[in-house]
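Just one chain follows, in the form predicted alone, and it is written as structure tokens.
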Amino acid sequence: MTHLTDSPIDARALVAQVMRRSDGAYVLFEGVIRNHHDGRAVESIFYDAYRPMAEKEIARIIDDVAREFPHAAIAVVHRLGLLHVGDSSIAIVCSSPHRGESFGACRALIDRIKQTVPIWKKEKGPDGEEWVGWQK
């Protein structure tokens, strides 16, 4: 599966992709572009990545989280390119027979993705543009 896209994210399609008849819960997390960051106005964000490395790292994180939460089904998509306030930059869906595993897996995924995946963002506001974020 490809985890990076240049197109708008269809979160409902991700839910349909992971839900099984045995699941009693799913958690859908969508990261959405907001109009501010660190006290500055934000009009848009441009996301860029070294795609082969980012795809590989997201797949590794999914595998690790799937081992920790063996009953969870997982889907992750991160959008690249120019996004505006209100657009979804990432969607994560975790389904499982019980809600606890869905919540745990989803939280672990977003925290690790933000920590280690080489995706960079350039925020644009009324005062100009600035690359922010990824520290590794």
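Since the model is a prediction, treat every value here as computed from it, not as a measurement. Counting begins at 1, following the sequence as shown.
Although it is not shown, the form predicted together with a further copy of the same chain is what the next lines describe.
Colleague: At 4.5 Å by heavy atoms, is each residue in 33, 99 and 110 next to a further copy of the same chain in the predicted complex?
Modeller: Spot residues vs a further copy of the same chain: full contact, yes.
Colleague: Using a 4.5 Å heavy atom cut-off, which residue among 66, 82, 59, 28 comes into contact with a further copy of the same chain in the predicted complex?
Modeller: Contact residue from the list: 28.
Colleague: At 4.5 Å between heavy atoms, is residue 106 in contact with a further copy of the same chain in the predicted complex?
Modeller: The answer is yes: residue 106 has a heavy atom within 4.5 Å of a further copy of the same chain.
Colleague: I'd like to know if residue 24 sits close to a further copy of the same chain in the predicted complex, meaning any non-hydrogen atom pair within 4.5 angstroms.
Modeller: Output for residue 24 is yes: heavy atoms within 4.5 Å of a further copy of the same chain.
Colleague: Residue 114 versus a further copy of the same chain, in the predicted complex: is there a non-hydrogen atom within 4.5 Å?
Modeller: Heavy-atom contact with a further copy of the same chain at 4.5 Å: present for residue 114.
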